[in-house]
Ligand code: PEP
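Only one chain is shown below, in structure tokens, and it's the form predicted on its own.
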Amino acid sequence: MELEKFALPGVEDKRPLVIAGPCSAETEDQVMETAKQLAKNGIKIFRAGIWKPRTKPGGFEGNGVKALPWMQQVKKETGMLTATEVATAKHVEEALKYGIDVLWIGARTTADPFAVQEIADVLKGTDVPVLVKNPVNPDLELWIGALQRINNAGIKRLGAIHRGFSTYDKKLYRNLPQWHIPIELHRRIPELPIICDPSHIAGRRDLIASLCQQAMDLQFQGLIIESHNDPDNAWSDASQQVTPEVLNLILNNLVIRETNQTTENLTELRRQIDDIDMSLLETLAKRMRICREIGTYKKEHDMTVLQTNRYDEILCKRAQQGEELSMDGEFMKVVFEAIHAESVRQQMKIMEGK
């Protein structure tokens, strides 16, 4: 992709780039009061949802175009840049007409290449910075595809927003971080800035501070955080919004570690990791050889490849053993699910005579 530095006028080039404001632009007073408090604390980019399609009908779905003059007033009175989500070509046209400085594409829209392409088509000939949230499901190629569509429209100030991934089985987070996916995105497109959205990952305000620190430790470029002057009474996503005062406390307590330190002192430790990784590969290869022998036995004795009881036993036992060795049980399940999938694949080849 052909990218330029994600530079914004009046915004200092340092980590973290912070975008903050309420989930929704509810009333002019709410927008202005929140913006003034954020500006007082040094926030340079104000975000607010203008169009808010909800998961189910009946909730507050945004004020639409009516709220765009409020964003203009924020810029006039505070000097802040403004940012909002766009989901259709019409949204883009209206946002640009009212001078919105930064646009972002939401997770549901990113998942629809047709919608992204319509947005890309209307962006041609503009130079507005655009941020693309990850799709709802953990699909890196879909995320990259959306970024490429926007970039192909001539948008060179482009960034990504990591807001976590939806899961049916809700646990601690509203959306699972699955940090390895944005890390892989950075590996593939190192010049692309990635901003973390801890509000949508967390779904709870008490988890936001720790997620912000994790994002900084993983060298994310910035943060986009929902902040409301009266979050308990917010019209949408009340539980994940913080007051400007709390946001200021979170940001002031962040530890921003140097990213360009010498790695000489890590060389020996990394060499040890390389050696261990090679041992792991050799051990896995040995395990697969045994699995192939088992596959041959199953074929000769007319047995099915999948032995459900044995699979359940391995998953439960390895998760428990991993926890005893100070590793996360869910991580161990993921590892052994992948190992089992490869074992099944190799045994199926034997069954098929390949």
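Start at 1 and count along the sequence shown; that's the residue number. Quantities reported herein were computed from a predicted structural model and do not represent experimental measurements.
If you look for the form predicted in complex with ligand PEP, you will not find it shown, but the lines that follow are about it.
- Task: Counting non-hydrogen atoms within 4.5 angstroms of ligand PEP in the predicted bound form, say which of P177, P193, G106, G203 makes the cut.
- Result: Result of the distance check: G106.
- Message: Between E94, D101, E118, E85, only one gets a heavy atom within 4.5 angstroms of ligand PEP in the predicted bound form; which residue is that?
- Response: Checked against the cut-off, the match is E85.
- Task: Report yes if any heavy atom of K44 sits within 4.5 Å of a heavy atom of ligand PEP in the predicted bound form; otherwise report no.
- Result: No, K44 stays farther than 4.5 Å from ligand PEP in the predicted bound form.
- Query: Do C23 and ligand PEP come within 4.5 Å of each other in the predicted bound form, heavy atoms counted?
  - Reply: Contact with ligand PEP, yes.
- Message: I'd like to know if K52 sits close to ligand PEP in the predicted bound form, meaning any non-hydrogen atom pair within 4.5 angstroms.
- Response: It does: once ligand PEP is placed as it appears in the predicted bound form, K52 has a heavy atom within 4.5 Å of it.
- Candidate stretches 106-114, 145-153, 215-223, 266-274, one within 4.5 Å of ligand PEP in the predicted bound form by heavy atom: Heavy atoms within 4.5 Å of ligand PEP in the predicted bound form occur in 106-114.
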